[in-house]
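Let's start with one chain on its own, the form predicted alone, as structure tokens.
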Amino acid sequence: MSNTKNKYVVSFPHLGNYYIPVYNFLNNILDSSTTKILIPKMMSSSTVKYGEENSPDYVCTPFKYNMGNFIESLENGANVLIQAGGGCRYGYYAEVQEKILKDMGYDFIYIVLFDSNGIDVKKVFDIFKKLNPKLKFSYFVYRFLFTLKILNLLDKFETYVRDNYVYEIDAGKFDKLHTSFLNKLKYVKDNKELNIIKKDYFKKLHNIKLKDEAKRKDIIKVGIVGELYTSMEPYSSFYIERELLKMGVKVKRYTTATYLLLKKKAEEKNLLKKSNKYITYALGADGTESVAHSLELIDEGYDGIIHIKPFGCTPEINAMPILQKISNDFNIPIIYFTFDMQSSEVGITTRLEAFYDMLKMKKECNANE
């Protein structure tokens, strides 16, 4: 489907609420007179269907989800696609996705931000300058760094909400403030405005009344570890965090975009040191984090651990027997979820409810003893 109004229509895959800093970045470096930014549709069954029908059978699930995003955007007029890539073998998938989509008859420009070696800022700038010849390198770098600030603020806000959601006294306050915060972030212009938003919204955030410590002791605490995509894109894990929060479970999740972009590399040696009883070398992708963070959750007194991964994720498959040994050594329940196109929401919910019931009975038994 072509677009006659704009020379370029730019789109990208969906990943939780991270479309907001991406939109803000693109909105400020591209020329609005020639370019439209097409925010991808929220993930849905049609996204999954498109991805599954047009991807190799045994490729990992995030590949298929992203393909679904790309096809929906192309069908809605996009002619420039941005792929992030990186992290694991997904960093080698860009060429495969581009070839499949062009074989399907789509005509588009394909921009890869990250490859197996990371990000080359000058190379990425050169690509965007073709879309906007007036773009200056210094301004591009400024907007890139500013986007990292937005992303970091988004992660801090959502981490606080996640950590305290079940302690909320007046139900719905976190949700209402979160929605308003996202709307503000989408169009924030500069550091001055961002600092005002930060001061205002974090003040409101910390003013939301929470249950005191005495009323928190019986609440079940669960940590989520595993592959990055299923951790950050809620649709791909059947909104597992939301379901846990609805049950009244305190949820902790380590994986965020801020962690992956700014902290992961620096923490690798420390994570290996923490888990040296179980692993000697890095497992690749998020496997090392799954082991090390599980041990941290045990130290922090969590009642159970949920390990999530997409079908076909080799590093997480390697981590699973190690996690099982940790479960046996520390007598902490761990449940494993693998998500693919055949996963049943009813089946996932049933297993999750059973896991919660088991954790609750275990906690009550320990309290009685």
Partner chain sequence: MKVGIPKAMVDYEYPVLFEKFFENLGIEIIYSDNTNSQILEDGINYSVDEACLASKIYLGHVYNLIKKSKEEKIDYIFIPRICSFKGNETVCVKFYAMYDICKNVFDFNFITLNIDLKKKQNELKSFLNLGKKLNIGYIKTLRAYRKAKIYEKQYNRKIVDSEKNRLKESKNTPNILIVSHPYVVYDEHLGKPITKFLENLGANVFYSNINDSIIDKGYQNNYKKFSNTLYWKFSKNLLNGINDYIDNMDGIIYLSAFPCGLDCLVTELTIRKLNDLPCINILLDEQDAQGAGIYTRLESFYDILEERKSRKKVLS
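These figures come from a predicted structure and were not determined experimentally. Positions refer to the first chain, counted from 1.
Form predicted together with the partner chain: not shown, discussed below.
Undergrad: Could you tell me which one of Asp103, Glu75, Asp126, Asp163 places a heavy atom within 4.5 Å of the partner chain in the predicted complex?
TA: Exactly one listed residue reaches within 4.5 Å, namely Asp103.
Undergrad: Here the chain is shown alone; which of Met341, Ile322, Leu30, Ile39 has a heavy atom within 4.5 Å of the partner chain in the predicted complex?
TA: Among Met341, Ile322, Leu30, Ile39, a heavy atom within 4.5 Å of the partner chain in the predicted complex occurs only for Ile322.
Undergrad: So in the predicted complex, does Tyr92 come within 4.5 Å of the partner chain, heavy atom to heavy atom?
TA: Close contact exists here: in the predicted complex, Tyr92 approaches the partner chain to within 4.5 Å, heavy atoms only.
Undergrad: Are any of the heavy atoms in Ala257 no more than 4.5 Å from a heavy atom of the partner chain in the predicted complex?
TA: No, no contact at 4.5 Å.
Undergrad: With the partner left out of view, is Thr35 within 4.5 angstroms of the partner chain in the predicted complex by any non-hydrogen atom?
TA: It does not: once the partner chain is placed as it appears in the predicted complex, Thr35 has no heavy atom within 4.5 Å of it.
Undergrad: Against the partner chain in the predicted complex, would Pro315 count as a contact residue? Criterion: heavy atoms within 4.5 Å.
TA: So Pro315 counts as contacting the partner chain.
Undergrad: Which single stretch, out of 183-191, 224-232, 206-214, 278-286, brings residue heavy atoms within 4.5 Å of the partner chain in the predicted complex?
TA: Selected stretch: 278-286.
Undergrad: Taking the partner chain as it sits in the predicted complex, which residues of 9-28 have a non-hydrogen atom within 4.5 Å of it? Please list them.
TA: Residues within 4.5 Å: none.
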